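There is one chain below, alone, in structure tokens, taken in the form predicted alone.
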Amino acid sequence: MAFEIPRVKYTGRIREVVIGSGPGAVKVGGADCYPFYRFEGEMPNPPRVAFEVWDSEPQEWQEWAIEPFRDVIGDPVMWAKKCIETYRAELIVLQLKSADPNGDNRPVEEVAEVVKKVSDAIQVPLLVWGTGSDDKDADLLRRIAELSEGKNIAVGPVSDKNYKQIGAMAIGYNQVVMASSPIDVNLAKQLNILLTNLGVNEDKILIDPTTGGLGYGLEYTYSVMERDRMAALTQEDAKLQFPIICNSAPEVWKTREARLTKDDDPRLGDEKKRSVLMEAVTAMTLLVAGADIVVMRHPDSVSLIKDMIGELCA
């Protein structure tokens, strides 16, 4: 008697969300099975990797993280173009670090103009990641949504403190929102309810569950994402059936293990190889947990993850 692999029939499906416009637009989501369980269902849109670009030159990056972008790291437009032309980036996440009220606190208009320049210069979808300050992002992301009319960009993080301001502008200018909650399934669901009640189209929402790096809360993030997917696919929870984005790069590269050199601790080995592997392991773990987009920094890490996605989706 031939062996047959047991198969589970899932009753739910993740919504599809399109980011960007024109031939470079990217569609994510759409799965009706657990991540990479293609023997049980469909994953019509493979997970995507987004390169991060900062709106100002990083001052505390490791030398081995700066190396691939040394010639463009002071110019976000050229940086984004290099990610696309040299490293074949499919998505760009512009991190608005210079707008942070606890940092340079650059004015809204000044930062918004930088975003517009990047958006106008690239043909792949743009995702704009704010400061994490509810008040500053309410003004900043609203203005960016306005200036990016017709581009179908994604803006976030959107929280329960500023969802009305940002959500209303996203509705008016037809942008995607990244709904961010602090590693909690119920809070994620509640924010999605608030956004849809406000009038945000359900095809315009990405979930940001908040991400921990390897050794720094990744297991908790994994557990929450896993429960999110279980509720969406097996319990037909419509308010959790949205694609997930994980802004993992900043979390990985700020860790102690990604910063120490081999001279600091010879037991840890080569610092570049170690950091690249830490980023790749974090990203792959998040993909297995259900991420549809992972944000990454180093081209070598991205190459590893794209190879893995290719093998799993072949």
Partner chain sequence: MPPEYRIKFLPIDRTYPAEKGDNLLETAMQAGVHINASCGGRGVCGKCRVRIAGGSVGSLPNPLLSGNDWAMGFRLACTSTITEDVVVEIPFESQVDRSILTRSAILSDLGSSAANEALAVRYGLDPLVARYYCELPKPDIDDNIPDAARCARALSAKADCGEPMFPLGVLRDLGMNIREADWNVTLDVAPDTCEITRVTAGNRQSAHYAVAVDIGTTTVSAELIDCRALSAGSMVLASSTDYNGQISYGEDVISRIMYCRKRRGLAKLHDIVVSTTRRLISDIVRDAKIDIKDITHIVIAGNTTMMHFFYGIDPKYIMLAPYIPAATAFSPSGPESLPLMPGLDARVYSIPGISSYVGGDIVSGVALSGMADRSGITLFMDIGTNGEIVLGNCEWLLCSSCSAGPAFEGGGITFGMLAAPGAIEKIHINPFTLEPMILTVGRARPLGICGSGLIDLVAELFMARVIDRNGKFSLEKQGPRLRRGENGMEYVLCFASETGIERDIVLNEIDLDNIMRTKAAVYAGCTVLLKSGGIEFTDLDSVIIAGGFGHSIDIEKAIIIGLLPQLPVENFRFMGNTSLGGARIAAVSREFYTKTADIARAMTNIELSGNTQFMNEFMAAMFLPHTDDRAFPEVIKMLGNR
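Numbering follows the first chain given and starts at 1. In this text, all values refer to a predicted model and were calculated from it rather than measured experimentally.
What comes next is about the form predicted in complex with the partner chain, which does not appear here.
- Put simply, of D184, E110, E226, E149 only one has a heavy atom within 4.5 Å of the partner chain in the predicted complex, and it is D184.
- Comment: the partner chain is not present in this chain, but in the predicted complex one of L218, L194, A138, I84 has a heavy atom within 4.5 Å of it, namely L194.
- You can rule out all but one of 208-216, 120-128, 71-79, 158-166: in the predicted complex, only 158-166 has residues with a heavy atom within 4.5 Å of the partner chain.
- Interface residue remark: K204 is not counted as part of the site for the partner chain in the predicted complex, having no heavy atom within 4.5 Å.
- When the partner chain is considered in the predicted complex, Q235 lines it closely, a heavy atom lying within 4.5 Å.
- In the predicted complex, K189 approaches the partner chain with a heavy atom inside 4.5 Å.
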